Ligand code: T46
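Coming up is one lone chain in structure tokens, specifically the form predicted alone.
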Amino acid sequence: MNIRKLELKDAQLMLEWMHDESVVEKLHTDFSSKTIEDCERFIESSWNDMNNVHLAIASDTDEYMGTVSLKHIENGSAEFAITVRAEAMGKGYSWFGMESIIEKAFNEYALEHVYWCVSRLNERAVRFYDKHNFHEAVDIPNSVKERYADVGNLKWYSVLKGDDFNSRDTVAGCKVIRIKTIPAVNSGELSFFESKNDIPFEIKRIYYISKVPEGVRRGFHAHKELKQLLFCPYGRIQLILENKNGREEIELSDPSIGVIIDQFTWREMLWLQKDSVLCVAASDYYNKEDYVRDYDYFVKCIGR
């Protein structure tokens, strides 16, 4: 995945989501009358727009998946916006686009504040922002709110420069650990962990998953007794965990970050970047009887 300048070749796929009711039904703007010429004009105007940044979210094969924007850039702040095609939903493109544009806002454009709003009726969007630890903002300037004076029931969010919105201690109640890492000048880093000292179990098995294409999901199971440490030494993988504490996700993209799964937990892994590697340290040898692969049975077991 990457974000890049919008190109005219993106126009047809841009029009696709504009005319897709499942994508636009909860958005503020009416896109139903838009044409391919409108899309092309928008793309061309984005190349020299000084007050707005519009970029394409693209796959590893450079296929357009959506648009991410910083609008109304002024006085050290900007409004964030994102829309992705139905084809891109549930595959990590939304989070990648959001994370990338916010990083650009603070590091490349030297902004101090990014804000946005969604309809409270847009349950999909609200759920997306809430699960990524963004909280409702109450200090949005009136000059900004006036742009949406004719739209009711909005929920506002914001993030400030310096906010660590990726910092997590737990995900679905499972502990997020910082693997001990020693940097060396001009020669990389060495990361390591030890049984019982750094993780709360003895390691009996280590395995890794590699050569997975972008957008592929794996996992789809829980373990009855097995405890595991999961980490990603290369690439970007979205880890989705569900248990009695709820369903949450975390991106594994830093070799020094791992998640310990030591309770009855359903797990899914989404490859956000091709050839990413997932490593697992396990508390016991392989035992097919320890697997639960029936999701309905899993949900029944946790009483949800």
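Between two forms, the rigid core is the largest collection of C-alphas that superpose within 1.5 Å. All residue numbers are counted from 1 along the displayed sequence. The structure displayed is predicted, hence computed values, not measured ones.
Not pictured, yet referred to below: the form predicted in complex with the ligand.
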Considering non-hydrogen atoms and a 4.5 Å limit, does the ligand approach Y286 in the predicted complex? yes
So, in the predicted complex, is H113 in contact with the ligand at a 4.5 angstroms heavy atom limit? no
With the cut-off set at 4.5 Å between non-hydrogen atoms, does P233 touch the ligand in the predicted complex? no
Interface membership of R293, the ligand in the predicted complex, 4.5 Å heavy atom rule: yes
Just one of V68, L272, M65, L278 has a heavy atom within 4.5 Å of the ligand in the predicted complex. Which one? L278
May I ask you to choose, among R168, H221, K104, H132, the residue with a heavy atom within 4.5 Å of the ligand in the predicted complex? H221
Could you tell me which of 156-164, 113-121, 87-95, 213-221 sits within 4.5 Å of the ligand in the predicted complex, going by non-hydrogen atoms? 213-221
Between 193-208 and the ligand in the predicted complex, list the residues on our side with a heavy atom within 4.5 Å. R205, Y207
Rigid core fit then R147 CA moved by 2 Å or more between the shown form and the other one: no
Once everything's superposed on the core, is F220 shifted 2 Å or more at the Cα between the shown form and the other one? yes
Large Cα shift (2 Å or above) at N287 between the shown form and the other one, core-fitted: yes
Assert for T265-Y93 (C-alpha, 3 Å or more) in the predicted complex vs reference form: pair closer
Do the C-alpha atoms of K91 and I240 sit closer or farther apart in the predicted complex than they do here, given a shift of 3 Å or more? closer
